[in-house]
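So this first bit is one chain, no partners, the form predicted on its own, shown in structure tokens.
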């Protein structure tokens, strides 16, 4: 089940990049990202644990988007 409050969108090219996947998994303090052989996986059960630290945005500027579902109408 996706998050109730937060969703994360990642550029498909970034998701395939093993090096960037590892960096995203490393910087996320709540383990939303998981690096695997296939690239980046989003751990949906952790989405609502996001603390909005923006570290993922710094690692992949313009390639990762944090969607605040509670701000959408």
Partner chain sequence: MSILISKDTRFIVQGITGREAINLTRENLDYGSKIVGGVTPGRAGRDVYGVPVYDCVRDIVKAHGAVDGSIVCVPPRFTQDAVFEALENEVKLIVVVTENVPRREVAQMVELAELRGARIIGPNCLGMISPDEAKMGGIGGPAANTRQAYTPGNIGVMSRSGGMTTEIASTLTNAGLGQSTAVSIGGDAIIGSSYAELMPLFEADPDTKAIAIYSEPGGRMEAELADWIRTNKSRLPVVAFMAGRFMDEMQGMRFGHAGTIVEGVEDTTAEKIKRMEAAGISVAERIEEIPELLRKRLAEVN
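All values derive from a computational prediction rather than experimental measurement. Residue numbers count along the first chain shown, from 1.
Keep in mind that the form predicted together with the partner chain is not shown, yet the notes after this line are about it.
In the predicted complex, the partner chain stays beyond 4.5 Å of every heavy atom belonging to residue 41.
In the predicted complex, at least one heavy atom of residue 54 sits within 4.5 Å of a heavy atom of the partner chain. By the criterion of a heavy atom within 4.5 Å, residue 58 is counted among the residues contacting the partner chain in the predicted complex.
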